[in-house]
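Single chain ahead, written as structure tokens, the form predicted on its own.
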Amino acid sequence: MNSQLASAAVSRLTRSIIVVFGVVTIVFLMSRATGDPVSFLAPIETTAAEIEEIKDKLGLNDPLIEQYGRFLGDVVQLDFGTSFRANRPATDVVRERVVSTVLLGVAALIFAFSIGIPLGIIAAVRRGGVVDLIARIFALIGQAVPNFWLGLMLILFLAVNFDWLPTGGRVGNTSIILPAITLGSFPAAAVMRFTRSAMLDTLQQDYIRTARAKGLTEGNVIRKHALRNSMLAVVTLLGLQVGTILSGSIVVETVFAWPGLGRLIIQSIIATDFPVVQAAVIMTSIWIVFVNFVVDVSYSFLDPRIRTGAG
């Protein structure tokens, strides 16, 4: 069993490295395809000879394969150059914003799973009832309403009209509530639908009917048999939701002026701060791939059928 688990982990690690390599390559090619940053950022009075001199110093006139090799070496060292705006290492600029984004992401995930899992379980157990109807309406609205519109409505009603919560920024413990709800609404709907589907499938299995035939109470059947096996499937959703949270944070952080990585990416794109954009995109991609790797390995550990290839 240990050898099977190790083999599965090595296989998934190899695929994760390939994905990261692909992301780095795409970022490199896209940054070169957008044009010449020196000509774009240089003052109008800069002569063509001066621009060529700067490009020679930066290595932008070297063959593309040489530039790519240097870029890979810099990525391994997490060296993305100096921020054009802050005049500091781009990695340091990104690291300063990571904490705020992680805090917001964790809060959004807590909201999503604390709402989605219980609601999905109750909807499955009471299929066709009022709670099930409410849950399905919640899932429909949660996945249909855009984050930016929901965020603006929450600001309008809860922050402006009633003055219950801050309108934006990171000014206190309560300032995270509105952006966390906004960012977690879509994942909460997805978690609810997935949990409900997994529970409905589990409740139809033979071992559930056997447990009921043995005289176990419905509560024990749900808690000890159905819930545990249903949650194995929900674990895989965690990795997907991390990507959803990080991509959605770009819009939510902009709406709520939250000083996180998503807002930094938007500000850097507007300011054509390419080193910061590259650092943020690559570091975020590495984090998403790492989380998915951990989820894959943990799922293989929890469900022996994944290791053996059974089922």
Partner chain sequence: MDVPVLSDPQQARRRRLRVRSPKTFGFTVGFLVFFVFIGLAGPSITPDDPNALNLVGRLQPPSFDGGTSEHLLGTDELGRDTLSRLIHGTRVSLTAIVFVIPLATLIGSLAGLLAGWFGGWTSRVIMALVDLQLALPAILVAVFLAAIWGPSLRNVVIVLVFALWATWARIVRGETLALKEREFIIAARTIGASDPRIMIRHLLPSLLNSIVILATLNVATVVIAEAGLSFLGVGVAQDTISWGAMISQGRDLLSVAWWLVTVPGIAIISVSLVVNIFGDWMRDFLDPTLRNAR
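Computed from a predicted model, the values in this text were never measured in an experiment. Residue numbers count along the first chain shown, from 1.
The form predicted together with the partner chain exists for this protein as well; it is not shown, and the discussion that follows is about that form.
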{"item": "Among 223-231, 82-90, 105-113, 191-199, the region lying within 4.5 Å of the partner chain in the model of the complex by heavy atom distance", "value": "191-199"}
{"item": "Listed residue that, although the partner chain is not shown, lies within 4.5 Å of it in the model of the complex (heavy atoms), from 204, 174, 217, 77", "value": "204"}
{"item": "4.5 Å heavy atom contact, residue 155 to the partner chain in the model of the complex", "value": "yes"}
{"item": "Residue contact check: residue 119 to the partner chain in the model of the complex, 4.5 Å heavy atom", "value": "no"}
{"item": "Contact of residue 143 with the partner chain in the model of the complex (heavy atom, 4.5 Å)", "value": "yes"}
{"item": "Interface membership of residue 162, the partner chain in the model of the complex, 4.5 Å heavy atom rule", "value": "no"}
{"item": "Residues in 67-91 with any heavy atom within 4.5 Å of the partner chain in the model of the complex", "value": "none"}
